[in-house]
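Next up is one chain by itself, shown in structure tokens, the form predicted alone.
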């Protein structure tokens, strides 16, 4: 990746060398059993791990599951090791120790071509998000953190394949690059290339489909892609579509407007108004919506609004048809955020129809964000074969597409050609 100026795993000779490999295999779990129910990130980690082992490396894998904000998902990585082993066709040992004596002994005992998955790095205070936000260490200062201090002397190289955590400024993400020759893994390179294709050189027309409830994510991307010309059209859905309509003077009734106010989402109306005034010709917003009445789906047009006691949980049939026509003629399509509450069978119609339109479009398609990926895999049969790239990242992807330089990318650039 000469344009990014980062080392890739093909730039070094790993035969008989010890490699610290940071991956992101943080996976969705069944709330009751704590078993893994989605393997997208595990699947994406396999090419780099397999390549390193085939090159004769001794691989110590660092990974996380959960964090302070989702403590219920903060569990050991034993099942992750079993899933990795099954996909590789060779055993990946698991040690429930991150960087202590047991972890160090396991690393030292590795023969070439074998790997060990170490304990959940989020068991370390210096790796959780609250520590990152409160202490604000620089990468240079992270050299003295426990994790780097304990493991770096045992390793010859550091490889990072965790783009989904690229927005995290933590020792496992950026500290090792200060002291070890460093490279980006296969999945990281593929993800950055896919997002670069969306931002820097998209096939025209370039269409962004932005929906969901996390409207702050959508608005960060909207500003960037409008200002730099990456997006020819933006199709809005979910709360984003409602906010854009309110910005044009549309009323949605008391219940919907109270819903937005209670979640402080009404603060996006003014920036939405600014976008519409400056870039009105680039937006395609919903012209009809769906809500629930006595257990059934009811659709209404903008002219029939407001309905005071309704929450609008999907786009309507008229909007679906308009969006499908735009998507069918797109050269590039990026989607982040569902069209509605697709988890509810009453309101999956919009997301199902638009996701399948993207899947069958001849344009280059990229799906990003947790809800979008979940919707793709649940609503599009054989999703991985139909979308050109399914991102592992959520927050990192949003920041990348919003023009923010991510801590991991900055660290990889700094380590370029360091031997």
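Source: prediction; values computed, not measured. Residue numbers count along the first chain shown, from 1.
Another form exists, predicted together with a small molecule; not displayed. Remarks below refer to it.
Check 26, 41 and 167: does every one of them have a heavy atom within 4.5 Å of the small molecule in the model of the complex? So, yes: the whole triplet contacts the small molecule.
Residue 67 near the small molecule in the model of the complex, any heavy atom under 4.5 Å? Yes, residue 67 sits close enough to the small molecule in the model of the complex that at least one of its heavy atoms falls within 4.5 Å.
Whether residue 407 contacts the small molecule in the model of the complex should be assessed with a 4.5 Å heavy atom distance threshold; does it? Taking the distances in the model of the complex, the answer for residue 407 is no, it never comes within 4.5 Å of the small molecule.
Heavy atoms within 4.5 Å of the small molecule in the model of the complex: does residue 122 have any? Residue 122 belongs to the contact set for the small molecule.
Report the stretch among 326 to 334, 159 to 167, 260 to 268, 235 to 243 that approaches the small molecule in the model of the complex to within 4.5 Å, counting heavy atoms only. Contact-bearing stretch, as computed: 159 to 167.
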